[in-house]
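There is one chain below, alone, in structure tokens, taken in the form predicted alone.
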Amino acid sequence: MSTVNKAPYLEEAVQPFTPRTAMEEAARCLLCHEPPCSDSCPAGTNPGKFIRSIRFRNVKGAAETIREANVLGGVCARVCPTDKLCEEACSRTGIDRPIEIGRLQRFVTDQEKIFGMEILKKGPAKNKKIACVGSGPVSLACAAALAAAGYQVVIYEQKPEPGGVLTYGIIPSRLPKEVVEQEIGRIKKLGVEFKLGAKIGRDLSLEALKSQFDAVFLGLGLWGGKLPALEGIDLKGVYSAVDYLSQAKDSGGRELAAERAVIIGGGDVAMDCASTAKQLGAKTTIVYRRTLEDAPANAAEVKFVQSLGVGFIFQFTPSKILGKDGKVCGFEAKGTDGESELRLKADQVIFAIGQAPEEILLSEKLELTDKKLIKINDENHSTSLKGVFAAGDAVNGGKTVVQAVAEGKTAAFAIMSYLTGEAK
């Protein structure tokens, strides 16, 4: 079982395997002829193959398997919902418990860093340039695949640091900043250029990018937080999850300390908000409208916040935020049974109920869906504008990091086909 440490906000919570414990865990693998775990990875990381390499002490071979399929292998090892993907599919589950695939992948990528392995190489230069807008996981995966094939790639990011949700949306105790920096460093070594503080629609236009580059990829995140229409929603101390997590990471948690925090939601983002609030010193309670069994959060994340002492209240929906002198002082909710009522003291209320796209001021000609997401051709990720492609959260409404990696790779291959004339 994973060793969890009740770490402070800036320290990683799950402890890594040592070489010995990694070998012991890999030895539990049944070496399936057609490993179901490998079929269950959206990014095609092939756990069956890299675990086999670990068993035979070929750590470099394991690193090659991971990195050639997933440029963000070190990130995904920490944040991927393995309990719902590769580990759920593991054949060992029917005997005792699944192989801890995520921790083994983390062990390999940690060894890759320790021994200075350089797995990814830039291909022969091609005289084509691609702009990637946004620097989250989908753009990083797309840019890396294009750069590895020899294309010139420039990533434009509106924030002062690259990484998107990896940098600003996932708490350090799950994903340390240095891991993100290491992954981005590998992408920079492929020749990818980063231009920071440049926002599409404000500092540059889509038309300008189209005139300067042979293709444009839109890997925009969902940075618009959702807040319900409730009495008291404008009080100081009310946050959307995206704003709360971003402010916490910007300040190292220093500016968001509270005595009592209430988190609304039942997904992974809600768990991140809850662990952040708790690690920053608040008495923290999660309020969710359904049951624990219905909560979409990763089981390991739920277990972690429970280990911190975060409380859970189920089957209640928010009805009112109480205030005093313009600040939050309490929270009210009604039971889904239609009769029960709940009132909690709070000086912070954080809504982790989903994220929305910001106004996409790219072009009036860029076709959007009825949910204001970018509309694409599912076969090749092309948008309504010739030479412009898109994938990730601003297309699918927000999914996992590993799904973003998969979509970024697929979009890169579609862009290559377009640039070589194989697709029109």
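In this text, all values refer to a predicted model and were calculated from it rather than measured experimentally. Start at 1 and count along the sequence shown; that's the residue number.
As for the form predicted in complex with a small molecule, it is not shown, yet the points below apply to it.
- Contact check for Val401: a heavy atom falls within 4.5 Å of the small molecule in the predicted complex.
- Taking the partner from elsewhere, Glu157 is found to have a heavy atom lying within 4.5 Å of the small molecule in the predicted complex.
- The small molecule in the predicted complex is approached by Ser135, whose closest heavy atom lies within 4.5 angstroms of it.
- For Val165, a non-hydrogen atom is located within 4.5 Å of the small molecule in the predicted complex, even though that partner is not displayed.
- For the three marked residues, Thr65, Cys86 and Ala145, no heavy atom of any sits within 4.5 Å of the small molecule in the predicted complex.
- Stretch-level contact analysis of 86 to 94, 320 to 328, 280 to 288, 196 to 204 against the small molecule in the predicted complex, using heavy atoms and a 4.5 Å limit, identifies 196 to 204.
- Here is the short version: of Gly169, Gly237, Pro98, Gly74, the single residue with a heavy atom within 4.5 Å of the small molecule in the predicted complex is Gly169.
- Note on the partner interface in the predicted complex: the residue among Val79, Val216, Val179, Ala295 having a heavy atom within 4.5 angstroms of the small molecule is Val79.
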